[in-house]
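Presented as structure tokens, the chain that follows is alone, the form predicted on its own.
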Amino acid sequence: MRAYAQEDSEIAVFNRLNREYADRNLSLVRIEAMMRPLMQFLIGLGYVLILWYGGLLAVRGAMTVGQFTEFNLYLTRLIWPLIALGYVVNLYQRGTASLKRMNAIFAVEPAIKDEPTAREQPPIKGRIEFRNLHFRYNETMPEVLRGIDLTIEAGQTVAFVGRTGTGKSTLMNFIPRVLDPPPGTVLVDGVDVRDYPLARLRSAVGYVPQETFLFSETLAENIAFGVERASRAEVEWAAEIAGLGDDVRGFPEGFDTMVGERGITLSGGQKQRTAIARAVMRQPRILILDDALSSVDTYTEEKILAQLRGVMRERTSLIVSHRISTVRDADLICVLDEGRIVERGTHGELLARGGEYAALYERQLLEEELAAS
């Protein structure tokens, strides 16, 4: 809003909505405040009228004192049920309105769900294949990925680098089916990802996306999210692997620190490391780090990578990054440009080739030198 000089307009709209909300709540409070005294007044007035008129009838002999007393007792017994009936009607109407909103949510069909062809598969080992993968988000948009052919063996560490918008994150989203790939283009252990039950496929994947989401719970609960009956020792182990241990020891409440909605009490780097710890905690067969170290400094990055290498050796690891320092130790580095893999090889092979990767490496070296000077 600041960039477009719309602060005053947005503040005015926000104030108007707040005032409307406050006025409606005040109106409701006034009605509720008036109802109870009015109800008591009418009940009391009713008793006065009954005593006056019923007394006259008793004096005239039109009814006995016993009948008059009986009528009063019945009336007293009826007052609370009638009041309760009014409360029930009010609660029913409010509950119906809430139920309509809930049903509107429940009625939404997920865009990605188990396919009719999905069936139980053997335990996932982590071999990934992309076969002539072409993808566009809709028919009017250009292709995001074009002819991706790549085989990643189980236990291999593969890195993806390239400029922003070259399709790296889109490619990662296909593996846990955050996005649905075209049939037969993305396979895990030789099986189309569409043929896996979603729960089975995603339970084998530890995914750290670019946008980290944390819940308004303790740090330990955020790390252990998705793991049943996680012990504190396991949480501490995952935090150490993610380079979060020193930070946690500096928190007054340690792992019991509340992180706030979306991790508002943590820095960007701490959020990313918490997400990495969460992914590591699950001990997945496939680990995906989608630019997961962009918010940490180079020293912290090297420390985290050194601790992660032991974990990554035991599983298939995919790393997306803009930093060469993050990917240089990968078994295979793929350079994406305009949705295609234009170069692939190890760090040394790509530097010797003198192509896009070497140019990116030289630019980053120059930037580091300028920043240091």
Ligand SMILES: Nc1ncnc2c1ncn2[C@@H]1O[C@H](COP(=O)(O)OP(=O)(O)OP(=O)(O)O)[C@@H](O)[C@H]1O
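Please read all numbers here as calculations on a predicted model, not as lab measurements. Position 1 is the first residue in the sequence shown; the rest follow in order.
If you look for the form predicted in complex with the named molecule, you will not find it shown, but the lines that follow are about it.
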| property | result |
| --- | --- |
| Heavy atom within 4.5 Å of the named molecule in the model of the complex - the one residue of G250, P183, G86, G165 that qualifies | G165 |
| In the model of the complex, the one of N222, Q270, T170, T157 near the named molecule [non-hydrogen atom within 4.5 angstroms] | T170 |
| Stretch in contact, per heavy atom within 4.5 angstroms of the named molecule in the model of the complex, of 140-148, 200-208, 231-239, 67-75 | 140-148 |
| Interface membership of H347, the named molecule in the model of the complex, 4.5 Å heavy atom rule | no |
| In the model of the complex, R323 touching the named molecule (heavy atom, 4.5 Å) | no |
